[in-house]
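A single chain comes next, written as structure tokens; it is the form predicted on its own.
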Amino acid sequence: MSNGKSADTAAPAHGGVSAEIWKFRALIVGVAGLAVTLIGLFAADPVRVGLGTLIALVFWLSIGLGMWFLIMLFHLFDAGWGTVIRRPMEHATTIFPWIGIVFFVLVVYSLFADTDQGLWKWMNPDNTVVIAGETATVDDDLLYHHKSPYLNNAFFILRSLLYFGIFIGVATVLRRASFSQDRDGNGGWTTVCRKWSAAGIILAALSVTFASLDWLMTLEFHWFSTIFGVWFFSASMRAALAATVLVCLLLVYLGVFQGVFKRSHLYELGRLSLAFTVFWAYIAFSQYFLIWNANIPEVTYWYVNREHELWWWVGLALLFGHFFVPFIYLLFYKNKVQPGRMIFICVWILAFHLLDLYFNILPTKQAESGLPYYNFGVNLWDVAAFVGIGGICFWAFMQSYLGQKAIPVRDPRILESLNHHE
């Protein structure tokens, strides 16, 4: 077939620069960005730099986690149409070990940071907290003592290792099974992937939920939300779908997916993006409505802090920019099938996903200036962390991509996917 050559290409070149060189450049940019971030951690406001690094880390991790969920859903429901787009997602899951390293650097820093300089306040009993309007220490906090069987340093580290172990372990099994099928054509690998996906989807749901609670919600350990993990899942799926569209269209532009990734695949991804746009809005509104309606001071303060300064405008931007604009835009058929229009809305979704992470993470800590929270803003250290972690993720993606077929050429569902129509 005319697209067979493109599909079999393992390491295409574009613009006279090989993919190997792009991989090397990504590694250099990633290391440089993380080096600048590390300098900022000791030379600038360490809490602000740490929060910016956590935001960047969660942004890139959420994309990988969303793609990981999609891979398992494709296997579990025998979704043939998604076979050709599954391979870029499999490459993307190679970012988990490297993001894990960056995360544990933040954990180690927080464990040994000076008083009130770590990210997770509960890690140090001498850190200050506000109790009934008065300043006290974590060690004096009765609520912390009730939560300490769960919120303690050893158990936190153990759980985090378990989460990354699940991410890396299940993703590696699925990826290697898919690559093995390319080599020997054994249809049994499809069964292996389906069985691992059946178990993996349960492990993924639990690990991603508890990871979001541990890493993000406990930044303010007084606050709690039973729906927070679902919010993070919905946000990750939106980001993953947007990133998948951009990667696939880039591969079309490079000639690798020419004739392979069709308008029908773009349409399906657009429909899923619309569905998860509605789902994210439902979850985000439900959390706000339930907390505000209950009117419990221990939890309503989370939203109160986000109704002052620039955060008020950020909240409005999320309401209109992260829901209404994508929702209305993706209702129209042409917007879901024209590459240029999908590139626009996918970049838009990723930008507002990043803004959503700022909204959820940045106001959780008291600023060095004495303000009760950090105001919204993007600084040099944020950019360095975002580019640094992004560079490492792109390098990991290319490391996997260069050694494999561009699509699962021997998957039993490959012809169904190639011939998929709306």
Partner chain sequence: MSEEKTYGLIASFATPGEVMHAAENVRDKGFKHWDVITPFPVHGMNEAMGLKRSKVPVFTLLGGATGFFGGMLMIWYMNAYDYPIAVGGKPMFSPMYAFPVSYELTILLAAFGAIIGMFLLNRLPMHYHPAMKHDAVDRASNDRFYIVIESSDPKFEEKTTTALLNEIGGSEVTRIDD
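Positions refer to the first chain, counted from 1. None of the values given here were measured: they were computed from a predicted structure.
There is another form of the same protein, the form predicted together with its partner chain; it is not shown, and what comes next is about it.
- Its partner chain in the model of the complex is approached by residue 295, whose closest heavy atom lies within 4.5 angstroms of it.
- In the model of the complex, its partner chain sits beyond 4.5 Å of every heavy atom of residue 162.
- Interface membership of residue 331, defined by any non-hydrogen atom within 4.5 Å of its partner chain in the model of the complex, is confirmed.
- When contacts are judged by a 4.5 Å heavy atom cut-off, residue 246 does not count as touching its partner chain in the model of the complex.
- From the list 284-292, 99-107, 176-184, 196-204, the contact stretch for its partner chain in the model of the complex under a 4.5 Å heavy atom rule is 284-292.
- Think of it this way: in the model of the complex, its partner chain has a heavy atom of just one of 278, 310, 304, 351 within 4.5 Å, and the residue is 278.
- Contacts between 387-422 and its partner chain, taken as any heavy atom within 4.5 Å in the model of the complex, involve only 421.
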